[in-house]
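This document opens with one chain alone, in structure tokens, the form predicted on its own.
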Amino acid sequence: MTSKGRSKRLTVILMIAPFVITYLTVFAYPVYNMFALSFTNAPLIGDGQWVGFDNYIRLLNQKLFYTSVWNTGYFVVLTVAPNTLIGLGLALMVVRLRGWLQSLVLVLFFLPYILPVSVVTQIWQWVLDQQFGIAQYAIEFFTGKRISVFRDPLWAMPMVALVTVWWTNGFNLLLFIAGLRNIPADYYEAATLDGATRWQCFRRITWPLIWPVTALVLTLQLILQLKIFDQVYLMTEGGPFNSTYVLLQLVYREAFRLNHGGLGSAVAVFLFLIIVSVSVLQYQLLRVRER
């Protein structure tokens, strides 16, 4: 190998080394430890004995585990598709605006996304408060009474989902706006000259060309919503009657409250495998749809 070739090779190694070191330190090593810890009876900090699959067997015999799996899936159903569709619908309207008005609307929609989750939950606890919350007027109009939504098993999870959609939709809106701006205006002009309606333009031009962005948003939303914890912990703490108890809350309970590091790691492994498998499966299905 010539000196020039060695120099290029050294440059490549030096450029990728920071990423590789960071990846191994921040992601690969913790994941390995998580898997290893799940096969022991170790506390959160300290060593333990090898117990094989005992932690996983304990999970399968734990009613709260099945409850948390069901609630996590229910939350995903309530948020992923609606959040994506709302983001797309808003983007289709906002993209028609021009100048400062479009910028102002984008800022207003994106503003909730930059707020800390503690601020978001506090705002919505005020809005939905049973005694003085302004949203109670609408609830009373449709139900005939005021409802403490975060203490009602029927209302708690849908309200957490509503707060999540309101909080995170601004990011989806920006992604869809970027995708819509990349569609050449010539396509719409040619379709209009051929007598195409707005619906036909959307179906034949916008939807096929925006589909890659839609697939990205769906995948990101699926990963994010499977990891739901903050909103639930701050607004309901898993209640009432475990109706909002989710998988990450079970990890928190076992690992940090009960000091069962091995069992908590087993729950984390289960959630990790769900996220990886479902995300890969969804992405492949969306790629098939794109073709």
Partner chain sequence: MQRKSIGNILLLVLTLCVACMWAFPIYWAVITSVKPEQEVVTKTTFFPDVFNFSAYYFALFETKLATWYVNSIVTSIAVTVVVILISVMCAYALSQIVFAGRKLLYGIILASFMVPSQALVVSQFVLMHRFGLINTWGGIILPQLIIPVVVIVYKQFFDSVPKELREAAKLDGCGDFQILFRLYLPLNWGITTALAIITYIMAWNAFLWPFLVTSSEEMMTVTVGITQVGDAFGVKYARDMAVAILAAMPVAVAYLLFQKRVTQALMLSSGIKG
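Here the structure is a predicted model, which is why all the values come from computation and not from measurement. Numbering follows the first chain given and starts at 1.
Form predicted in complex with the partner chain: not shown, discussed below.
Peer 1: Using a 4.5 Å heavy atom cut-off, which residue among 183, 174, 85, 215 comes into contact with the partner chain in the predicted bound form?
Peer 2: That would be 174.
Peer 1: Which pick from 138, 154, 107, 77 sits with a heavy atom within 4.5 Å of the partner chain in the predicted bound form?
Peer 2: Of the candidates 138, 154, 107, 77, 107 is the one lying within 4.5 Å of the partner chain in the predicted bound form.
Peer 1: Any chance all of 54, 159 and 211 sit within 4.5 Å of the partner chain in the predicted bound form, going by non-hydrogen atoms?
Peer 2: No, none of the three is in contact.
Peer 1: Taking the shortest heavy atom distance, is residue 73 within 4.5 Å of the partner chain in the predicted bound form?
Peer 2: Looking in the predicted bound form, residue contacts with the partner chain do not include residue 73, since no heavy atom lies within 4.5 Å.
Peer 1: At 4.5 Å between heavy atoms, is residue 206 in contact with the partner chain in the predicted bound form?
Peer 2: Residue-level check for residue 206: no, no contact with the partner chain.
Peer 1: Can you tell me whether residue 189 touches the partner chain? I mean in the predicted bound form, with a 4.5 angstroms heavy atom cut-off.
Peer 2: So residue 189 counts as contacting the partner chain.
Peer 1: Is there a heavy atom of residue 117 lying 4.5 Å or less from a heavy atom of the partner chain in the predicted bound form?
Peer 2: Heavy-atom contact with the partner chain at 4.5 Å: present for residue 117.
Peer 1: Would you give me the residues of 23-38 that have any heavy atom within 4.5 Å of the partner chain in the predicted bound form, in order from first to last?
Peer 2: Contacting residues: 23, 25, 26, 27, 29, 30, 31, 33, 34, 37.
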